[in-house]
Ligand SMILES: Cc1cc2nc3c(=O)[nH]c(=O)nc-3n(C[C@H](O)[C@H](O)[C@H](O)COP(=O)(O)OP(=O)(O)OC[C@H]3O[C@@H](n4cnc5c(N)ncnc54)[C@H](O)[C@@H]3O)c2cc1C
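Single chain ahead, written as structure tokens, the form predicted alone.
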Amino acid sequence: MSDHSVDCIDVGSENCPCYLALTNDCLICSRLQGREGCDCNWKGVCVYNEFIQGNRRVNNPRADFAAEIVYRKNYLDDLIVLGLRVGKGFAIKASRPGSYVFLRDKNSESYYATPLCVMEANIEEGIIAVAIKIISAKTKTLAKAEGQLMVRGIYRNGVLGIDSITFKHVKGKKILVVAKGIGLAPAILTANYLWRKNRVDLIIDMEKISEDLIADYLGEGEGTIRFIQLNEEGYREDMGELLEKEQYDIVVLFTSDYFLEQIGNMVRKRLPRAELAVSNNFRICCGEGICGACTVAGKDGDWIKMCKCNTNHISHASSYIK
């Protein structure tokens, strides 16, 4: 039987079956992996039946569309936020934690498409906001764009262990969100989402990030905000004391791989019963499981496509990160 400790983030969605069904590489369906029998653990609508009934075609493939740049905010010399008019339906999908899009200038080739986390989804106005840290060719091109950007999405796998924070029974929980650098963008989307029914505390490392950005986009809810320099030696003691004092139900980390490992190990040691979700820091290139840029070897030697694979077991996620 297939091992489904790792699942496809798109299974059962409007984007399933996807391109992987065409080449016998489906992550869930054994029939669409080239085997004769059905031995999947998927309890939703049969992926194989959907593929056959759909005349063996990809369902609702994501395509580029032009989105108006409705505003541009400069926070630092290398940090800007763009507001894009994408429509209410798209904004609803983008409001879920872990959502990201591919953006490129309308005059650029397709290989300029850059994956960026959604920071805010204004459903009423049909606008999403993305924060761009200007680093090299792709982000420089986005920063200079005028009028419109080409958008492709929505993609869903920006957070590993996503069910810990989006499951329908996540209500009345005590949650800690830790963010460093540009990880603040998905942290804001996550905090604003969870504040509806939970208490959310935030720990933010302000290195290379603007306080004005927090003031403009972070909403209000029950919880506290602490500013900690994660590069300072004393942070571990302070955070460890906080974890033991507050006894969080869920901890969500939006940091570099180094701090995912360091803080993740601290959470597992001090709060062994807490759910843990982490940012997906793998190199995302196509987002469709095709190019192989984000693949890693699993424990059984299988290649795992981290743009589409998610896990509810942080031991799996942490082993990939290492």
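Start at 1 and count along the sequence shown; that's the residue number. As the structure is a computational prediction, the values presented were derived from the model and not from experiment.
Keep in mind that the form predicted in complex with the named molecule is not shown, yet the notes after this line are about it.
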| Listed residue (I188, L116, L149, V178) with a non-hydrogen atom within 4.5 angstroms of the named molecule in the predicted bound form | L116
| field | Contact assignment for the named molecule in the predicted bound form, among R85, R199, K138, R96, heavy atom within 4.5 Å | value | K138
| task | Go through 241 to 249, 215 to 223, 116 to 124, 169 to 177 and give me the stretch that gets within 4.5 Å of the named molecule in the predicted bound form, heavy atoms only. | result | 116 to 124
| Y48 within 4.5 Å of the named molecule in the predicted bound form, heavy atoms | no
| message | Although the partner isn't part of this model, could you tell me whether A131 comes within 4.5 Å of the named molecule in the predicted bound form, counting any heavy atom of the residue? | response | yes
| said: Residue-level contact is defined here as any heavy atom of the residue lying within 4.5 Å of the named molecule in the predicted bound form; does C285 satisfy this criterion? | reply: yes
| task | Indicate whether the named molecule has at least one heavy atom within 4.5 Å of a heavy atom of I165 in the predicted bound form. | result | no
| Counting only heavy atoms, which residues in 90 to 106 are within 4.5 Å of the named molecule in the predicted bound form? | Y100
